[in-house]
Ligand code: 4NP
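As structure tokens, one chain now follows by itself in the form predicted alone.
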């Protein structure tokens, strides 16, 4: 079982969208038995709340349901998950700074897997609806490639 945690600042826009997209891709390939997927934020600004309605809407428009509830990253996430995937460099730095000794999760940026390149998934919170469409496209491309990479590794390991 491979566990993946997507992380942004408030866990209401980008990481819930990545969580939902990755879940959708895993289900489309009938790989649910091989993955645990979640999302969290480096802050607790929105803890306990739903995703931003604009993230929910852009996902719905693409046939994907966003059902996550916002939560803050906790120290155990660094060992409970195999992969902790940050949406931008600032959140990656925050994750690295809060990483406890003995942590085993691999920390990466989501766009390391974007075939079109790039570093950060921009935060669409203060922008218009078009920003959510752009983020949706980035997240989808990146999650598709991430799943391909994880599946190649799983196949190589013979599991």
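Since this is a predicted model, take the numbers as computed values, not measurements. Residue numbers count along the first chain shown, from 1.
Quick note: we don't show the form predicted together with this ligand, though the next part is all about it.
Visitor: Where does this ligand sit in the model of the complex: which of 24 to 32, 42 to 50, 57 to 65, 99 to 107, heavy atoms within 4.5 Å?
Guide: It is 42 to 50 that comes within 4.5 Å of the partner.
Visitor: Do residue 123 and this ligand share at least one heavy atom pair within 4.5 Å in the model of the complex?
Guide: Answer yes; at least one heavy atom of residue 123 falls within 4.5 Å of this ligand in the model of the complex.
Visitor: Since only the chain is shown here, I'm wondering whether residue 8 would be in contact with this ligand in the model of the complex (any heavy atom pair within 4.5 Å).
Guide: Because a heavy atom of residue 8 falls inside 4.5 Å of this ligand in the model of the complex, the answer is yes.
Visitor: Give a yes or no for residue 146: in the model of the complex, does one of its heavy atoms lie within 4.5 Å of a heavy atom belonging to this ligand?
Guide: No, residue 146 is distant from the partner.
Visitor: Do residue 13 and this ligand share at least one heavy atom pair within 4.5 Å in the model of the complex?
Guide: Contact check for residue 13: yes, within 4.5 Å of this ligand in the model of the complex.
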